[in-house]
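Next up is one chain by itself, shown in C-alpha cells, the form predicted alone.
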C-alpha cells in the first residue's frame, strides 16, 4: 500500500461524510453514536435554563455502576433526549477532549459542533419520587435511579474481581464506588427501602415501562457467585411485592451464572430477561481485558452459560452485551478497524446462531479506568458495528424488546430495531 493510500485509508471521516456514506442508517442514530463517543460539555448559557426541580441532574449519592470521563462529579444534567425520543446516555467531558457543546440557541438547547447546530435536544425529567425518602431515611433517589422510561437498581458498584486486581481494564466502577462511599458512606439499601421506592415510582402513571437490576460481581458463596444470586433474589422479591402478577417487566444484567443459579432466579423472582456481558467478542482480547472473568469462568465458559440460559428464560429473553471498540485498545487489541469489525461480527453471529443477540455500548475511556488515556475508534467503525449487529438480528429473527430505545437507550444498534 502506497503512503498516499495508507494516509487516505487512515483518515477519519467527518460526521457529514459518515452520514452520507450510510444513508440506510438514520442520521439521529449516527448523532447518538458520535455524542456518546465524544461526550458533551455544557456551556454556562445552557446551564442557566437547567432547573434541578424539573430536570434530572447528577445527584450526590445516586447509584450508577460506572462513572464518567471527568475526574470529579458535578451537579450537571444526567443526559439528553433527541427529537425522536431517543436517549443519549453520555457524560460531561472536559473541553480539551473535543466534546460536543450543549448550548442555548434561539431559546432552545442544542448540540453544537464547530459553531454549527447539529440537533436540538431536551433534558431528562426528574421523577416525583426523587423528592422523597424511605421510612429508614434514605433518599429514594439513592435507591433507584431513573431513565426516561426505566427504573434502575444498582445493588453495588463494587466488583469483587478487583479484589485481586483482576477487574476489566475499561471499567471504573470501583473508583466510583470509593467516591460514593466518601460522599454518603453508601448506606445499605434494605429490601424495605427498595419496595417503598418502587411503590412511590409506580404512582406516576405511564412514566416507567421496565426495571433493570445490576451489580458488581460477587465471587463468594458455596459455589462461585452464590452470594450474588442471593442478593439479586432478595432485591427482586422486594420489587415484586408491588405487583399482583408473579412476573413483571424486568431485566437483570449480571454475572454468568450456572444453570442451577439461573433456575433459582427464574423460579423465585419476577425477573423476565437475563443479560450477561461477554464484554469483548474475541477470546484472546477477552483474556487480556477481562482477566478476572477469564480466570474464574473463561471466555468459552461465559459464552456457554449465556447460551444455556435460553433453556430457562426462553428465546427473546437472553442477550449478551459488549463494550464496542475496546477490542482496538492498545497495546494488544486489533491494529486495524476492519479486522476488529470482521472478528467481532463473526463472534456475534456465532451467538446469534444459538439464539442470543449481542449488542454494544460505545467504549468511552473513563477517568478512573486503566484505559483512561486511550482513544475510542472512529465514528465510521461504530456505525458499521451497529448496522452489522442489526442485520444479524434480522437474519436470525432475534429481538431485543427488553433492551430497546425505550427500556434502555444505551445501545445504538438496538435503536435500529425501530426500522423493522
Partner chain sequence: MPIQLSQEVVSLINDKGAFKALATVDESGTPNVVQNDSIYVAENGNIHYLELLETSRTNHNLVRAIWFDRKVSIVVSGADQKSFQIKGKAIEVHITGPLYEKHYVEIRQRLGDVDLSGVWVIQPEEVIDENFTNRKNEEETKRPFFRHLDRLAKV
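All figures in this text were calculated on a predicted structure; none of them were measured in a lab. Positions refer to the first chain, counted from 1.
Just so you know, the form predicted in complex with its partner chain exists too; it's not on screen, but the next bit is about it.
Only one of 149, 134, 282, 296 lies close to its partner chain in the predicted bound form, with a heavy atom inside 4.5 Å, and it is 149. For the options 125, 247, 315, 188, the one in contact with its partner chain in the predicted bound form, meaning a heavy atom within 4.5 Å, is 125.
At least one heavy atom of residue 84 is located within 4.5 Å of its partner chain in the predicted bound form.
Its partner chain is not drawn, but in the predicted bound form it has a heavy atom within 4.5 Å of residue 405. Looking at residue 46, you'd find every heavy atom of it more than 4.5 angstroms from its partner chain in the predicted bound form. At the 4.5 Å threshold, heavy atoms of residue 398 stay clear of its partner chain in the predicted bound form, well away from it. Residue heavy atoms within 4.5 Å of its partner chain in the predicted bound form occur in exactly one stretch of 342 to 350, 135 to 143, 257 to 265, 202 to 210, and that stretch is 202 to 210. Residues 405, 406, 407, 415, 416, 418, 419, 420 of 391 to 420 are found to place at least one heavy atom within 4.5 Å of its partner chain in the predicted bound form.
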